[in-house]
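Okay, here we've got a single chain as structure tokens, the form predicted on its own, with questions on binding and movement later.
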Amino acid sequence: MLAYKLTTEDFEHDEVIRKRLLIDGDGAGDDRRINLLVKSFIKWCSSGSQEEGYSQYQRMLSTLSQCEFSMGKTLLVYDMNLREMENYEKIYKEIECSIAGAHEKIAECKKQILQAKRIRKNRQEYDALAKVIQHHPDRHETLKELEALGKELEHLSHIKESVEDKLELRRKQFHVLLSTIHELQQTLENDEKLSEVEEAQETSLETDPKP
């Protein structure tokens, strides 16, 4: 039977072996080493001599060292992947910040473009207005024309008042004329009626017999 006593120190790597059994290795070599380690452990437990037990123990230590090396390499790769992921996350955040900054710059550029378009439109309107103003007389000539028009307007106002006075006079005269015609017509009608009465009286006298 086995001459060596199993101690906690002999199995200090059991947790590593257990974790390694739960992890899929980089290739068939890791699985093979773990299988060899398990087989060596079983042979060591069932070894009949001290030499055979010692030999199996050395094989287990060698295989365990290989497994530890592979596990360490795996952990290093895992840590490297974590750092790479953190680095990628950092880069991603930087890219997001850059994209957000680019969107802000684009929005600001759009505002500047709209403002530039308004300024350009205003300048075009100012230029067009300036050309229109250039075709009109200056202030001094305009004042002269306004003064002349004022005098002409005043003259026309006097003429209008004179015409209105004449029209009022003609209206009164026409009214007097109409009144006179009306009175004359009334007089003629009265004279005509009087003549008819006189004729009727004369006719009546002629027809009456003398006494």
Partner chain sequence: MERAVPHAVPLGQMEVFQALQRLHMTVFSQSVSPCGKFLAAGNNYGQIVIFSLSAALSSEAKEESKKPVVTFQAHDGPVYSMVSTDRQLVSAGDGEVKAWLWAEILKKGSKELWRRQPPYRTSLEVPEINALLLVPKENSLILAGGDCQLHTMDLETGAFTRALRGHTDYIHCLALRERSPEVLSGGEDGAVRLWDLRTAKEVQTIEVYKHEECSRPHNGRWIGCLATDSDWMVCGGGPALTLWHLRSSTPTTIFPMRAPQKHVTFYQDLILSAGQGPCVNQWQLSGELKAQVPSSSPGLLSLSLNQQPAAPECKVLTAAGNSCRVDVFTNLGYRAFSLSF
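Residue numbers count along the first chain shown, from 1. Everything numeric here is computed off the predicted structure, so don't read it as measured data.
Not pictured, yet referred to below: the form predicted in complex with its partner chain.
Site residues 117, 125 and 128 are all in contact with its partner chain in the predicted complex, judged by any heavy atom within 4.5 Å.
121 is the sole member of 139, 93, 111, 121 with a non-hydrogen atom lying within 4.5 angstroms of its partner chain in the predicted complex.
For the residues 102, 132, 85, 77, the 4.5 Å heavy atom test against its partner chain in the predicted complex is passed only by 132. Residues are counted as partner-facing when one of their heavy atoms sits within 4.5 Å of its partner chain in the predicted complex; in 169 to 202 not one qualifies.
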